[in-house]
Each structure stands twice: as structure tokens, then as C-alpha cells.
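This document starts with one chain, in the form predicted on its own, laid out as C-alpha cells.
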Amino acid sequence: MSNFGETIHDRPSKVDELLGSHLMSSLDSLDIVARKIFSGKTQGERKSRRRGSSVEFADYRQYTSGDDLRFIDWNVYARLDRLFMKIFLEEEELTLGIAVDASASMEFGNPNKFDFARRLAMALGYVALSSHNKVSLFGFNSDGVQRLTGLRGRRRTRDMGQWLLDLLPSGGTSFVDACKVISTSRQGRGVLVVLSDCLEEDGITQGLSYLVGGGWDVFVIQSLAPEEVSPLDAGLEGDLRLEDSESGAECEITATAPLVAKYKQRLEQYCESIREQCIRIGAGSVRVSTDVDMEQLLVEYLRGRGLLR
């Protein structure tokens, strides 16, 4: 009998293994985009691309659920029958917060969900530091919230990477409690990216509501392992013992095609509920598999969803 909790992966042990030179070169031209208009008044060192009242028009991007309808270009819509948002240049200082789920459920998959989250956090943090933004990192589980805040400048890239390497998954999620803590940690204008599998029994709405209420512009990246998305394709079939990595509860099943089809249907319903929860509170969201190409995810997909520019 196979154990569904087994995972095979090479854990990164060096900062360079979190972010290679090839990926770094692809990220140098990117920047973080704030999807909301903030009330902070701190002036920064750079012109950042965000929607606001600045007179200097920058570009367009496609509309995504939750965007402010006031900044849709209706003239473009009339011509193309597609929704595009106006982006303006304005002097500002932006803080990128990155909250990494460090609960035991993230310690699964090939590629491993937790290591995927750390690599993605490293890449997003590098984009922010390279663009003269501030970066604050948060790791959360039932033991509380770990943090590294106030990073600024590309020279802090290695400090960020070492902190991520030292972060290890364990325990439960305690998502709501973590969000309460992180909600009070914003300094100035802030975009918060939540990296999690979102496998929370009570959902994530209440926790995200604390973050949004605290003034963060929230974007959730739900990461699932290939074995979770399509168990049969990953070779998980026959007699299996399933163990909840956080509660320790076990059950035994025989993975057949009809059973897996039912599982995939329920997984899709759950993930769709996460997306709907994010829309209701004004948060952005995207679901990805950990076997996605990291460069493609950052340079193409997250740019299309309005997180990067």
C-alpha cells in the first residue's frame, strides 16, 4: 500500500538555487503593480506604474476581476469590445509584502509546494528590490508569524534569500490568526502576495478580509502539486493510505477512475470558491501547478493578471 504523503524533491540549500542568473535577467525589466489607489503620502525614488490621478499616462493592461471600473478606457472598449485599464505614472514608494504559507500541508509534491513558494517569493522580491520598492517577508503557520521587514535595494537580495532558506514548514496553518498579525504590518502603500495552497478547512475569506481591511492590496497565488491536480497522471492509483499532514488523521482508499473523477470535481469546486471569495473582497487571485515554468509564470502569466508590469 502506498502512502499519499510521500514527497520527492531536492531542497534548495543555497540562495543561488532559489533564483538563477537566467531568471534574474528575465526579471530585470519587470515591476510590481498596485491594483488599488492608496492614500499614503510617502514619496519614493522612482516612477511606478499604478492607476491614479497622475497626468502622465503610461500604458494599458487587461481588466481583471476586482479592478476599479473608474479606470476602464471605454473608448477602447467601444472599438475592440474588450476591457482595458489605464495605467498612469506617479512618484511613489511601494511596499511588497510576501506571505509564505509554512504549514505542513505545503511540504508535499514533486515539485514541492513549499519550495515552489519560496522560489516564487524570491523572484517577486527580487523584482521589487530591483525597482526600488521595499520588501517585507512573512512566514506563517500555527506557531505564529515570522517576518523580515524593511528590505530595500538589490543588495538585500541575499538577505532575503537566506531568510527564505531558513524558513521550514511545520504544524497547522492558522490562516486567520496570521492575517490578523500581517494586516497591521503595512507601511505606506502596500501590495501583499499570499503564497499558499489555500487548503484551509474554514476557507480563507475571513483572513483575507483582515488583510484588505488593513489596507493591503491583496493578490493570492494558490499553488497545488501535480499529484493533487491529477493523481492518476502522477501514478497515484490503487490502494493508498492518506494522511492529513497537519492533523495526522488517516484513511485508506482504493483510487479508481470514478473516485478520482469525483475528487477532481470537488477540488475544482473548492478552488472556484477560493476565486469567488477573492473577488468578493476585492483581492486578485490565480491558481497554478508547481510544475509550471517559473519564467513563464512571472513574465507572461502574472503580467497578464496585473500583478507585474
Partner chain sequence: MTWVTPSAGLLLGAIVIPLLLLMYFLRLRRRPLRISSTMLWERAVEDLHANTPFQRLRPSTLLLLQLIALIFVVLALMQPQIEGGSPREGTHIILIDRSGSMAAVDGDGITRLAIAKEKASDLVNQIYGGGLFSSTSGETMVIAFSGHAEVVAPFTDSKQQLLHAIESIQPTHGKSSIGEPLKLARAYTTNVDPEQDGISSSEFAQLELFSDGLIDDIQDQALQGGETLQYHMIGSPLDKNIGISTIDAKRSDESSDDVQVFLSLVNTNSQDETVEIELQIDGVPVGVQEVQIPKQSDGLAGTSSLVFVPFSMPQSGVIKARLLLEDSLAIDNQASLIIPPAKELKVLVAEEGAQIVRTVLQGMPLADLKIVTSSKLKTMIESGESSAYDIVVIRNIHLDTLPRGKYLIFGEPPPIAPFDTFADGEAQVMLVADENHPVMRFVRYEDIVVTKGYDVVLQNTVETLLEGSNWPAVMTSRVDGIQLVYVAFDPINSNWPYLRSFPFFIFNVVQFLGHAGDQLTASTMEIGQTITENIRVDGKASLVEPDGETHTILVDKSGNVSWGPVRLSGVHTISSDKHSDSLFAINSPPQESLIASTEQISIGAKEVVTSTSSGLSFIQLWPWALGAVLVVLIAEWWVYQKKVSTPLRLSWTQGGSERKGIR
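Positions refer to the first chain, counted from 1. Predicted model, so just to flag it, every value in this text is computed and none were measured.
What comes next is about the form predicted in complex with its partner chain, which is not displayed.
- Checking 209 to 217, 69 to 77, 138 to 146, 104 to 112 against its partner chain in the predicted bound form, the stretch whose residues place heavy atoms within 4.5 Å of it is 104 to 112.
- Listed residues 231, 169, 161, 190 were compared with its partner chain in the predicted bound form; 231 is the one with a heavy atom within 4.5 Å.
- Its partner chain is not drawn, but in the predicted bound form it has a heavy atom within 4.5 Å of residue 263.
- Residue contact with its partner chain in the predicted bound form: residue 296 places a heavy atom within 4.5 Å of it.
- Its partner chain in the predicted bound form is not approached by residue 63, whose heavy atoms all lie more than 4.5 angstroms from it.
- Although the partner is absent here, residue 254 is a contact residue: one of its heavy atoms lies within 4.5 angstroms of its partner chain in the predicted bound form.
- In the predicted bound form, its partner chain lies within 4.5 angstroms of at least one heavy atom of each of the following residues of 222 to 243: 224, 228, 229, 230, 231, 232, 233, 236, 237, 238, 239, 240, 241, 242, 243, in sequence order.
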